[in-house]
Structures are given as structure tokens and as C-alpha cells.
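Just the one chain here, laid out as C-alpha cells, in the form predicted alone.
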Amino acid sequence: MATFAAASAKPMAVIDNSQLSLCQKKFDGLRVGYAFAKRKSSSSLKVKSVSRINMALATDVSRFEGVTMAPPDPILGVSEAFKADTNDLKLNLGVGAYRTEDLQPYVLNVVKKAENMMLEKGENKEYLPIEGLAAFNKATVELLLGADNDATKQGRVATVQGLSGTGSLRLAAAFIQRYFPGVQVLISSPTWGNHKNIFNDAGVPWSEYRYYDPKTVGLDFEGMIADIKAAPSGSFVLLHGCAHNPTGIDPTPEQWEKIADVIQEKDLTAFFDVAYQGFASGSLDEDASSVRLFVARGMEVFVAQSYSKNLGLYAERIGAINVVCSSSDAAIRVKSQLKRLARPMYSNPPVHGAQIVANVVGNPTLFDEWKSEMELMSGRIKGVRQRLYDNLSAKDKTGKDWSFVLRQIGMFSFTGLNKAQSENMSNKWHIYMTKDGRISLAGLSLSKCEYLADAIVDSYYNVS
């Protein structure tokens, strides 16, 4: 004990932090080595278990942590809200898809007949060429410009089948980005919500030109012309061939002449989006008159087409991009580059919708039936447009002029309601529409017009 006490009474050696740290590292190393040896002697089942734990720990942090939630699509979001509503009075006036008077989806009779023809022929499912079905391409350009059009007969049109209007616009945007880098596209204010997305994703700069005048709920033609005149030389001007989306407001034939004058004088290029040929007025020729005017002047133009509305082929994604050139040689070169762009995007387009269009347009009997069905569809929309106007005029005791509803054309109507008023339509009246005040008359029946008029009048006057 004395020895121990004496020994313990000796002054202790001072150990600094660096020595402590070294000791700790050595101890940790021994511990890790022991654990490793112990693991090596464990059964294979235990090794696998430890590996799974280590893998789970390693994947706790996702590589996609930096990916934010995308905002909901404004149109599809309207449909989701409509589906969730259990009220019997609810109306979906957001999506631009034709409905019958019973508000049910409609498959055209000529489409059913064309599909039966395909079954009888035993059409195969082989890959199409990159540019699409030859019979479709021939039919679609003749439908757009007319079979006797000089540009068609002279082979000055580069036509490539696209994935409906959206895909056709996107392909053209990629072409502009590659061969006209930095050149801007002028887009109407307002426009279809996807136009800006398409050009943004293609890396094509854009600016807006005035189009809608909220004071008159009509066309701001002077503002439109002034903005087009101010555009840099070489710019592209995106125009809605007919039934402007979202306003339903189209230029008059005289105004189209003036628009063509300015675009030609300023060395600009017109880029038409034609989504409603035959569906707007009921006449294929009348609805293509704006495009034909520009082509008749010898102007080079882009035209994107869609068959979603006029043939009801929404899910078939069938359309085309056409580039009218000054020569057949230019058209051949342009088409080759459109195909080059399409190849890495989607390789080649789907065949089913293309065969339907080719069969309908190429068969005189089906073609006449189709024109009759388009007249019926456009006629039904004109009927609800008239009924809505009558109900609005009867219920609004202030004397407000609602005639803009009749002046608009196609499936859409710009009501003039603002965001808060549009939200009142949904929250109070169970009527679902886009927040810019656009309604789709294709989703309206004659029996619901009075209810809609009540909702519009209430929202317009009672919500600021």
C-alpha cells in the first residue's frame, strides 16, 4: 500500500491535445479492425444484411433532391377539380374538347367507317418513314391549301407528319432554333397556354404583340399592327389561322390583308397554327382562307396543323408541319432537315390517325360525310353561343352589350371575367374554367345556358 501511495504521489505527466487525439485515432483503428475481423468471421447471411443496411444509408439522400415540384397544368388542373366536385350542377368549360348535347364525348361516324375500312384491308403496324404516311401528307397539304394550289402542284411545300398540333409546333421551333438562332417569334397576347412553353423549351426567344382589347372584348387591331411593324426584320409572327385560342376573336378578311401587307413589307415570316380548320365556321375553305391569302402572295410560311378538333382525333395525336417555300429545291432541303430533327425526337410518327385522315379525305363519300358532321358540330356550338347571348341579355338589367359573345368564333369564348370572378364561378357555381375568363362552349348544352348566364352575371357584378 505504501509503495502504491508513494507511487501515486509522484507528479503525473502532462498529455497535450495532440497526444490525446493520436491515442483516440489508434483506439478507433483497433476498434474498427476488430469489428472488421468479427464481420469476416460472420455467416454470409449476416454479411448480406450489413450490406443492405449500408446501401439503405447510402440512398437516404436522393440524387433528385434539387428537383422541385412542377406547377399543375392550368387546363388539366381544371378537369381534376371538376372530377372532385360532387355537385349535380357542375360544368367543365375548361378543356377544349367537343361534347354532344348530353355533354358526352363524340366519335365521328366517318372515323368509325374509316377504321372499319382499315380492318377490312388488314393494315399492318410497320414503322412509317420519318416524314410519316405519304397518303396522309398528300391529303393534309391539299386540304390546307387546295389541290389546285400552285405551291402544291409545284412541289414547294415541305410536309412532315407531326404529333398533332403541339408536336408539329415543337418540330418547327427546333428548326427555327437551329437555322435561325437568336431570331424571335412574336406571339399574340393572350395566346394558347402551350405556345410559350414550346418555344421556351426549344430555346427560341419570343415577345408578345397586342391582340385582345379588354375594353371592347374584341381585337386590338391597331396595337397588333403597331407591334408587328416594330418587330426586328426576319422575325417570325405566330398567327392563329382561325378561331383564335383563347379569345375566339379573329381578324376580318380586310384586316388579314393588312396583316399580310405589314409582314411582307417588314420582311417577316408568318407562322400559322391551324387547329380548327372546318370546325370553326363549318367550312374547310373559309377556315383556311387566311393561310391561302399569304401563300397566294408568294410568301414563305410555316403552318402547323391538327386533327384533334375537326375529326375528333384527340388521342391519336395526328397533325403536320408544313413549310411553304419559294422553290421546290428549297422545300426538299427544308424537309430533309425537319426529318433530321424528328429522328432523335421520336424516330417516326404513329400510323393509326394518319390512316384515318387519309381514308376520310381520300374517299369522296366519307369526305362529304365529314363535311356534314363538321357543320353539325360547329352548328351546335353556334346554337349554344346564341342561347347564352340571349340569356345574358335577358338577365342583365343594366343594358350591358353582350354581343361580343356572338362575334367570337369557334369553341371558345372570352367572357371578360377576371381571375377573382372566374374563381367565383368555380367556388360558388361549380362551373370550372381557366382563370383568364375563357370558357369552352363545346362543353356547354342548351339546357345549361341559363344557369351559366346566372353565374356570369353574378360573378361580373358581385365580385370585384
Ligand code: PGU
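The first residue of the shown sequence is 1; numbering continues from there. Everything numeric in this text was worked out from a predicted model, so none of it was measured.
The same protein also has a form predicted together with the named molecule, omitted here; what follows describes it.
- Comment: the named molecule is not present in this chain, but in the predicted complex one of 138, 387, 195, 113 has a heavy atom within 4.5 Å of it, namely 195.
- Of the candidates 159, 290, 306, 359, 306 is the one whose heavy atoms come within 4.5 Å of the named molecule in the predicted complex; the others do not.
- With the partner left out here, the named molecule still marks one of 72-80, 130-138, 144-152, 277-285 in the predicted complex; by a 4.5 Å heavy atom cut-off that stretch is 72-80.
- Using a 4.5 angstroms limit between non-hydrogen atoms, residue 273 touches the named molecule in the predicted complex.
- At a distance threshold of 4.5 angstroms between non-hydrogen atoms, residue 169 is in contact with the named molecule in the predicted complex.
- Of the heavy atoms in residue 245, some are within 4.5 Å of the named molecule in the predicted complex.
- Put simply, residue 310 is far from the named molecule in the predicted complex: not one heavy atom of it is within 4.5 Å.
- Scanning 417-441 for heavy atoms within 4.5 Å of the named molecule in the predicted complex gives just one residue, 438.
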